[in-house]
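Just the one chain here, the form predicted on its own, laid out as structure tokens.
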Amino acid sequence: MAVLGAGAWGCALATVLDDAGVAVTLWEPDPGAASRLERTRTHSYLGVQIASSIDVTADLARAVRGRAMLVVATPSAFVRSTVTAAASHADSGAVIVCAAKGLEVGTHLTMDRVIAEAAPGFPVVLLSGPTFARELAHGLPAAAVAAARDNAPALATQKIFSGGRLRVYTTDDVIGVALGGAFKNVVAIAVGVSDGLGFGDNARAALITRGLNEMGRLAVRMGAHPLTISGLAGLGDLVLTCAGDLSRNRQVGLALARGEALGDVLLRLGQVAEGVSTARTGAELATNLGVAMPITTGVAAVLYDNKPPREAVAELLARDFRAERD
């Protein structure tokens, strides 16, 4: 198998697969970074050694040629370009497993649809769920879901990734899994802002619950099964990302509440916080579909329209009263 992307998530997944006895090639697009990783075998954020049995390369053709499965672990902004380049070298029939979570800027497409356009004819699986890379790399238990419209590639992904540290379930609700994985990051930014402003546990619980509600409204509008948003890729990932100290998106919200500029926050993090781009793209998508998503819209206003976080929260509280299921 090939893992495309040698960031924290890609290295963690490569470690899981290597521990399961799978032959893994890990592709890092930067030749200098690939050389350093090959030499030092360390990932500073994960705090683990990368096994010598994992082949590290900057040669994409060598990474994907002859592989039965390609795992895309790049940020969502690079999924299309990575898959387009990889497909020209990959064997026909190779399963593309996408571990990136987000929406494509401009097109508003979910990652499965981006891959379907970039690599027509290749089976596509989304791998999602409440999984912090650092915990997974250290062998702590976790659960995820493999989503595909056809059962065979989902079952193949389940079999390969399930092991001592990771339990994988399957579903055919690709759109529900895609949207749950994307929008939980936006809600986590909102929760970080609330926590940073000192609004307490009650407000956090309310934001998580109402965030789940608006995620579900959009998902059902786009054809997802409503129970998917209550599963691992929805509620499970939402709770983890909103409450976990390792959540980059929550850290963004905390920093914004302290008055830090977004650019400074992202530079200090040194890693992609997917909720930043998803907030604006998701708000646009919701508007186009006529779906009310006030938390997503509020986060986008704080990130891109310089709206003060306290003002955004005040607007949420001042919305018209309505029934809970509306």
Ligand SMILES: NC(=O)c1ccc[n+]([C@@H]2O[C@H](COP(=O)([O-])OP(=O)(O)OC[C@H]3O[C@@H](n4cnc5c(N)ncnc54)[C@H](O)[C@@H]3O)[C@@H](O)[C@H]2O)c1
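Note that this is a predicted model, so its numbers are computed, not measured. Start at 1 with the first residue shown and count on from there.
There is another form of the same protein, the form predicted in complex with the ligand; it is not shown, and what comes next is about it.
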For this session: Give a yes or no on whether each residue among Glu28, Ala99 and Glu274 has a heavy atom within 4.5 Å of the ligand in the model of the complex.
Result: yes
Problem set entry | Heavy atom contact within 4.5 Å of the ligand in the model of the complex, the stretch among 191 to 199, 148 to 156, 114 to 122, 67 to 75 | 67 to 75
For this session: Please run the contact check for Met1 against the ligand in the model of the complex: heavy atoms, 4.5 angstroms, yes or no?
Result: no
Exercise. Just to confirm, Gly10 within 4.5 Å of the ligand in the model of the complex by heavy atoms?
Worked result: yes
Exercise. Would Phe132 sit within 4.5 Å of the ligand in the model of the complex, counting heavy atoms only?
Worked result: yes
Exercise. Does the ligand come within 4.5 Å of any heavy atom of Gln251 in the model of the complex?
Worked result: no
